[in-house]
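Taking the form predicted alone, here's one chain by itself in structure tokens.
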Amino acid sequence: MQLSNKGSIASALATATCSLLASQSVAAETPSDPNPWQFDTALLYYGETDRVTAIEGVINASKDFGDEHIFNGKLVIDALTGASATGAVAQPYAQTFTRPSGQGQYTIGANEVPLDDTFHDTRLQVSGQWTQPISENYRVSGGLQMSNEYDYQSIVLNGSIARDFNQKNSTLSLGMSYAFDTIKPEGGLPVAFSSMAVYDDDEYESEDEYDDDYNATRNDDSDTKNTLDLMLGYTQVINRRTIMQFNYGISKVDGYTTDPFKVLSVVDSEGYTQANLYENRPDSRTKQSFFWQTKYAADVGVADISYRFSTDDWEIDSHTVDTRFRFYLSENSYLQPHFRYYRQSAADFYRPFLLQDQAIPEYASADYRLGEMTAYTIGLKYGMTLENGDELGFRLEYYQQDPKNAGFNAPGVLQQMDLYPSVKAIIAQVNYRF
């Protein structure tokens, strides 16, 4: 708590002194709160090699106000900096690109993957959730989440209902959330497949002439996207050591799904870039997911394994296997290895580049996150319980993402370029619970 003036400090000290004196005489009569506030805090570092760096702080607070009437609140702050892939292909010569704002350019060296080094953002997210029983076997929950970035705002409403049966060894739940997002990128929204205007003294007689060409590639200043998610879940206690969960989810996205900062290179038969066009994605997306998780409590620790299959009408199919095993080192400490494997197919409109002698498709994106890939995470967490009952943990992980060629033949000089570079990152986290 920050105190702004001497009067506030004096008042606070007086109140604290009176409270301390009073507690000495009534401690035996006033029991402590049986359900005090619980706080989970974490600080996370994520750093890609020569690319994006992110630092995230999280504060999560929860309290049971009695009879399982539980409030949960969370505050998240993200800071991201570094360079992100534009989607353009590398060339055997230096390339110049216009910054998203239209003001200024940057140059990428020969044989280098085009990265926009102006990427930076700060995100603030706050959320609140209330959960309570409405009868002996039914619970309901509802919440609100709001987040704000430099060029992106989101509001999410959610609600769910759960029913226990089979002597509370089985739970069936149904949840729904609705997100309303506003996208307002710096420089405005680009016109789909318009060519990036790059200022050149030999091409433009004046800056006004360049500004006219740049403005011709812009649409409105902002657009929106709506997302409706439904989730059906089933949890089953198998025995005193084992619990299992199954989820089925469906998500419907409508609105602006294009990344306004991504481009595609148009290349000739020799692989040389002739233009860089702004991408275009469908204005809707339907996703389905199937999830299974099992936790088993052994004498030496707890095993946690899960599998997720996801598919959508962009024809991206993905498989995720996630495993953790918590080994008890003592009554107050543990070690937890972690391994995660991910694989996905490419979207039907994914193109690493466009060929000059072919017609431009209705939709196309060179964003490697929509391409075929595999990825894995391997790491270790150490946790301990302190003498006062608080918990402290440290996590260190290595992440690698390996994009794959989804069957595209590279012409000419592109055969010597690394069109599918790996992304490598280090993840470090410290968490404290009190």
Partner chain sequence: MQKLLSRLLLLSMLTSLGGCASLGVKPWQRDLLAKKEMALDAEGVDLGLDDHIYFSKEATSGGRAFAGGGCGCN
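Positions refer to the first chain, counted from 1. These numbers were taken from a predicted model, which means no experiment stands behind them.
The following text describes the form predicted in complex with the partner chain, which does not appear among the structures shown.
- By the 4.5 Å heavy atom rule, the three marked residues Thr118, Phe408 and Val413 all fail to count as contacting the partner chain in the model of the complex.
- In summary, the region of this chain contacting the partner chain in the model of the complex, judged by heavy atoms within 4.5 Å and restricted to 92-100, 247-255, 185-193, 266-274, corresponds to 247-255.
- Only one of Asp313, Asp211, Glu112, Asp181 comes within 4.5 Å of the partner chain in the model of the complex through a heavy atom, and that residue is Asp181.
- For the options Gly142, Pro337, Gly82, Gly175, the one in contact with the partner chain in the model of the complex, meaning a heavy atom within 4.5 Å, is Gly175.
- Proximity of Leu392 to the partner chain in the model of the complex falls outside the 4.5 Å heavy atom cutoff.
- In the model of the complex, the partner chain sits beyond 4.5 Å of every heavy atom of Thr107.
- Using a 4.5 angstroms limit between non-hydrogen atoms, Arg369 touches the partner chain in the model of the complex.
- In the model of the complex, at least one heavy atom of Ile238 sits within 4.5 Å of the partner chain.
- Heavy atoms closer than or equal to 4.5 Å to the partner chain in the model of the complex belong, across 157-176, to the residues Asn158, Asn166, Gln167, Lys168, Asn169, Gly175, Met176, ordered by sequence position.
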